[in-house]
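One chain comes next, on its own, written as structure tokens: the form predicted alone.
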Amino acid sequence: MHKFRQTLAHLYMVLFLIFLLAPLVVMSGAAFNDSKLPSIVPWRGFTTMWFSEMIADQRMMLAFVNTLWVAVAVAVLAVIVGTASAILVNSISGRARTVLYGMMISTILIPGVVIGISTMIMWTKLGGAIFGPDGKPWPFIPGLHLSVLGQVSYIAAMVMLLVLARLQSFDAGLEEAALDLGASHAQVMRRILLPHLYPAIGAGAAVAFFQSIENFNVTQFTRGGADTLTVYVFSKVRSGITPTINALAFLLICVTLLLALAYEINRRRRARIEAARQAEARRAEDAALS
């Protein structure tokens, strides 16, 4: 019976991996098919011309660059806001903590369309209410900067959850000991608290970056006349999509896999170094005892 359940679990794992990876394989294969339709059936021959056409498509390249800039800006702001919110929520208690935590989490539950429209309306009203030195209303110009603000309003909550989970394993006694020894609050933050939070901050930055890249609803309502990759793909779906999208997706998958591989190699290298350091410390301790 145990062997049957183990076989069933392995079968489920294989089917689950196939379910996840099969669309990526099909999409990547379409980037090399000599067909104007993004598909692998029927297969009309191997070609790399879609990569050349992708580079020649200036609108796609501009949309891709815009997407990267927006994603970097969102990641930076979301990490700052999310980390500060997590530290604040962790440092207070009672009803104030419940209210603040609920306010931050509620942004994740709000549909992206609502966030996009709300961001647009708020800045429109704000632009008409603020007057410049010349007495004229501050001009409201939709653009990618509003997309950044709209995305940060809910992505920061995801970063907060990651950092807050990491804070649960932090020993508050370390802060008290450092303060008793004469350290300032800034030194405690920089040398004790933040180093403990670096793994969660890094994970939060990665989540914010990729969440921004795939965002469409908020960007669609706040981008003005600028293009991002999701908006560009949406426009191509309506007018006629070509395998250039598949070519770009294939390159993004390759870059992601290379980064994941580099991270894993670096993690294992650090683990080996730490294991060797601990073994050396144990040998030194045994030598001292003997």
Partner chain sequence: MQDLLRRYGPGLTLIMTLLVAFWLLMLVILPNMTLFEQSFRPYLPVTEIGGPRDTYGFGNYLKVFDGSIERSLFGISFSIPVHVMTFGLTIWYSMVVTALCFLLAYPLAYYMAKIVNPRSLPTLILLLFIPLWVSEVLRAFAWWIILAFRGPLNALLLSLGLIDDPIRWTNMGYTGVVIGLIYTYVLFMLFPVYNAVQSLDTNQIEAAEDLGAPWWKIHWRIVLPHAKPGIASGSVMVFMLSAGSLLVPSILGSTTSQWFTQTINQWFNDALDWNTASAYAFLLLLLCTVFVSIAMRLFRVKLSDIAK
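Positions refer to the first chain, counted from 1. Here the structure is a predicted model, which is why all the values come from computation and not from measurement.
Here the subject shifts to the form predicted in complex with its partner chain, a form of this protein not shown in this document.
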item: Selected contact from I201, L161, L144, A71, since only one has a non-hydrogen atom within 4.5 angstroms of its partner chain in the predicted bound form; value: L161
item: R272 within 4.5 Å of its partner chain in the predicted bound form, heavy atoms; value: no
item: Its partner chain contact at I55 in the predicted bound form, heavy atom, 4.5 Å; value: no
item: Distance check, F221 to its partner chain in the predicted bound form, heavy atom within 4.5 Å; value: yes
item: Interface membership of G94, its partner chain in the predicted bound form, 4.5 Å heavy atom rule; value: no
item: Sequence-ordered residues of 89-103 touching its partner chain in the predicted bound form, heavy atom within 4.5 Å; value: N90, S91, I92, L100, Y101, G102, M103
